[in-house]
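This document starts with one chain, in the form predicted alone, laid out as structure tokens.
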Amino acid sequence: MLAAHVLARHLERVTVVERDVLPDGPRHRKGSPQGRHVHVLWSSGARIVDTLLPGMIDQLLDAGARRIGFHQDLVTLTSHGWQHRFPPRQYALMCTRPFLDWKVRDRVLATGRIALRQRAEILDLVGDAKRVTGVRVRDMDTGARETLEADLVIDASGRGSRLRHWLSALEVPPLDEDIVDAGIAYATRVYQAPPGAAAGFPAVNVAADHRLREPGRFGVVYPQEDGTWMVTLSCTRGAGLPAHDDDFLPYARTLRHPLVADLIALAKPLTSVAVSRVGANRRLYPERLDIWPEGLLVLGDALAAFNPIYGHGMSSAARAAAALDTELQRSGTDGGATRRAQQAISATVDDPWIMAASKDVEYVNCRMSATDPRLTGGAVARQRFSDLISDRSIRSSAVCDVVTDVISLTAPQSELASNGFLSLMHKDRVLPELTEPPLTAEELALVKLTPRSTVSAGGS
């Protein structure tokens, strides 16, 4: 939808071809299977959305989405211990994916400049290795086929993209592809939050510790727009996953800390368990080809898909839309413009790609097929440096600020290798290690829990 909106700012006519019938409300659809699990829109992506669609973030917040300041409004057990709740530097929006899709879709389509072809699928590209001139489309209800001519075709069809097949038919050389697959799987249930907890209790994140050299298990409790908690339990390959309702709470008790289990034990479940096993990191490299068809672009999960646990997918898509907007404003669709636009779009996925992939390779049983030298060389030194940063950031406010800027895609990952940051790592004050979740007495009272020990929730 963001890509379509950007096209409508620069081109005469825009058509979105969609396999599903898009719902007229915040309901799930087949074409968005990950929509049943937790999603976050990082502040970097939210700012882009608000630039393209002014006032959109306020509309989402007014309709119930929760703004979570990192790390004041989040209680996190990282691989290296509990994160101190420092004053927020960045934020994330938490709400259900169908809710966010619906609100953005309604806003984009309300302009009347975008035609929507529902229950239609792309069969193949029209053109040749030098230029794509349109697509062949099949109506999924009648079977009728037709050709849609276009000056520019964008593949935003997600993880199920058939781009490599389509390009092969045009005799375009095969695209390089990297895959880092830790075997991530997800199980999610929605719970009714206790009164006041959806707005007054922090989000909760309990992560695995990759240093244990065993399959990882994770759990999150995230507030949603309708006063509920969405609880997602996840694992890497070999850890198993709760597929049935009766197994959900027992599995939560196997996490590194019982906080997630304690919260949901007192809450009312509203849904059964929804399971997904698609979470590999996968990246294509169209920018590496010596030839690339004019009139064709690829973005979103069709270009680079990340382990959803890091929450970078939607912000990366927004960054790609912003890059497309800039390139169309600069060059339009004239000769060579498509290649430059694709290079710019591909550059936007590099930081989230390497953050997700380099983290996942640390888990046992991870399967990797990659040529990225950052993943294939210097693994031990890279992990030691990453561990050092993680250990400092949970106890140092200034270090945490920079790390949060990078994780939220607000600052480039190269910032973590800058002289200023390396100096900060040595100079900033390091707080004592937390031994229990940094929750206040008032927060614990909201969920009817008692502290195991006295813990400060502040960052000073």
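If you're wondering where the values come from, they're calculated on a predicted model, not measured in any experiment. In case it trips you up, residue 1 is the first one in the sequence shown, and so on.
Same protein, other form: the form predicted together with a small molecule, not shown, and the subject of what follows.
- Of the candidates M314, V298, V273, A203, M314 is the one whose heavy atoms come within 4.5 Å of the small molecule in the predicted complex; the others do not.
- In summary, among the residues V126, V278, A243, I114, the only one with a non-hydrogen atom within 4.5 Å of the small molecule in the predicted complex is V278.
- Between 387 to 395, 50 to 58, 32 to 40, 428 to 436, the stretch whose residues reach within 4.5 angstroms of the small molecule in the predicted complex through a non-hydrogen atom is 32 to 40.
- Proximity of G158 to the small molecule in the predicted complex falls within the 4.5 Å heavy atom cutoff.
- The closest non-hydrogen atom of D20 lies within 4.5 Å of the small molecule in the predicted complex.
- Remark: V361 does not count among the residues lining the small molecule in the predicted complex, judged by a heavy atom distance of 4.5 Å or less.
- Mapping the unseen interface onto this chain, R85 falls outside it, with no heavy atom inside 4.5 Å of the small molecule in the predicted complex.
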